[in-house]
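Quick setup: one chain, the form predicted alone, written in structure tokens, and binding and motion questions come after.
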Amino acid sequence: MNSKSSMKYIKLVELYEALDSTTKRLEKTSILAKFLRDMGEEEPKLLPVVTLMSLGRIFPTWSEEEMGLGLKLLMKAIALVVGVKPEDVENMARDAGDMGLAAEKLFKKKKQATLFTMPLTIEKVHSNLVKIADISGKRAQNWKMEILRELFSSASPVEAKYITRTVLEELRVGVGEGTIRDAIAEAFEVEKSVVERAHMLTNDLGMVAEVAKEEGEAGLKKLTLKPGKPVKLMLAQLSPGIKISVEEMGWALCETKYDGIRVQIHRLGDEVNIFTRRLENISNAVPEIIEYIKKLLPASDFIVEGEIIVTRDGKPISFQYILQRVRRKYDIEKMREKVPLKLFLFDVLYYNGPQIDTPFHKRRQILESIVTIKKDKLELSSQVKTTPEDIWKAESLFTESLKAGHEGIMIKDPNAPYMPGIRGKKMLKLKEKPETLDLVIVGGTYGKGKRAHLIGSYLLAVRDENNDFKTLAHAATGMDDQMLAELSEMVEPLIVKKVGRKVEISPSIILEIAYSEIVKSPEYESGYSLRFPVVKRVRGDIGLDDIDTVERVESMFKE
């Protein structure tokens, strides 16, 4: 943004309040569409910014930039401005069940009015939060605090509520990416499907809104994926069985399903970047993978997909070891020796131009033509071609994959295009173990006796179509003493309310949960429950947008 904008931040806050006042998705879409349309007329240069801020974000999901503001620092800044102790802010947050509401209540009781403050503009709030992300070095926390304090000093109570929530990336107005896409389509009179495809290929809703406004459908249709900017991964559904799946596809390409971290690897010029399923850039944490890619693939622009696993004595080992590697910021060379990584590649999205509309069997041929195999470093996924007449080939691959310590197999439609962000019948998974769900922790209950200081049972939730969290189950088994202690430590800063032994927890930590059966239940907000839920692991490789949905639970219940 070059020239100064005078659009008041309170206008965006009024949008948030209007969105929060209804639970109906169509109403939310219309409210948002009108705001985007008006913004496109009045302040077109702000359109990409407010589109992202309508999701409670300052940066796109794939951006390496982050504010790096912990909860303690945020509470300290609020405390300084309103003239209370940080513990008072923490207590208020626990009582209110939401840090944003706590900020609003505290600002209403503010002891001292700041003299000569100018009303906040959208540009001011946005640029200050961007500045916070840019600060690093010895005194970084002090500078971040000062910039945040400056914003809060000019904020009204309701503005403080939403600045707080934006910093925490928890807007809580029930708007997800689907609602934003529909609002862009309505605001600028373009087809929803065209907006959806443009978003799938660019993963940048701000850009999509700007192009929709300036160039309409024709401009959106020109947008395509480019190396350097990750796109959402194509997702798999559960296979009802090898035979029925292959028969439905006519013929299939079946591959080993590896239990690791799925990655999308981009080369642009001399630069190689590696993104996880949640589009987090982990390039610095996996230097050997970068080395393999540079040595064993062409020195031209491409996007390939694969799975990073950890092996020991030729066998894959626990997923948690990979998390240790990708989360690592220090002593990476030491960990490289201790936890060696291996990469299996299985798809190509870009080479000599975009390939996502190319059928999968031809994409595989392209991949095979550009990769040099190096055993135990970089390999292609094990694959067999299967027809209804030779189902045994897929069954043998399934048995071999399990024997080698892998999860099972993928069954892929050879004629399917690559469909970013879509979970459909073109790509299916078959595992030996029962299907699991990825759920977010929203509450818990402390144990008794020796475990009184540990949370022993976790309340878990799925997402609904409005991006709200709906409870589904309590899980208390599958965790040994070490995991209980580690989880309790992780959730402690996220506790927003305590009542007796029960706590409410800000949604952040995702668990993979196994279970025996999905049943209908009025006890939980989703309308369903899980029988015998067991905690399998913490999912540090996915984000809140990737957790399972009420819709998927319903579909699995029907199956």
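Just so it is clear, the structure is predicted and the values come from calculations on it, not from any experiment. For clarity, a rigid core is taken as the largest C-alpha set superposing within 1.5 Å between two forms. Numbering starts at 1 and runs along the sequence shown.
What comes next is about the form predicted together with adenosine monophosphate, which is not displayed.
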**Prompt:** Is adenosine monophosphate close enough to 255, 307 and 423 in the predicted bound form that each of the three has a heavy atom within 4.5 Å of it?
**Reply:** yes
**Request:** Examine residue 363 and determine whether its closest non-hydrogen atom to adenosine monophosphate in the predicted bound form is within 4.5 angstroms.
**Result:** no
**Prompt:** Does residue 275 reach adenosine monophosphate in the predicted bound form if we count a contact as any heavy atom within 4.5 Å?
**Reply:** no
**Prompt:** Hey, in the predicted bound form, does residue 431 get a heavy atom within 4.5 angstroms of adenosine monophosphate?
**Reply:** yes
**Request:** Decide whether residue 188 counts as a contact residue for adenosine monophosphate in the predicted bound form under a heavy atom distance cut-off of 4.5 Å.
**Result:** no
**Complete:** in the predicted bound form, the residue from 223, 378, 322, 427 with a non-hydrogen atom within 4.5 Å of adenosine monophosphate is 427
**Request:** Go through 199, 266, 412, 161 and name the one with a heavy atom inside 4.5 Å of adenosine monophosphate in the predicted bound form.
**Result:** 412
**Complete:** Per contact check vs adenosine monophosphate in the predicted bound form (non-hydrogen atom within 4.5 angstroms), the hit among 258-266, 161-169, 143-151, 296-304 is 258-266
**Complete:** In sequence order, the residues of 225-246 that place a heavy atom within 4.5 Å of adenosine monophosphate in the predicted bound form are 236
**Message:** How about residue 184 - superposed on the rigid core, does its CA move between the shown form and the other one by 2 Å or more?
**Reply:** no
**Message:** Following rigid core alignment, is the displacement of the residue 383 C-alpha between the shown form and the other one equal to or greater than 2 angstroms?
**Reply:** yes
**Item:** Core-aligned C-alpha movement of residue 344 between the shown form and the other one reaching 2 Å
**Value:** no
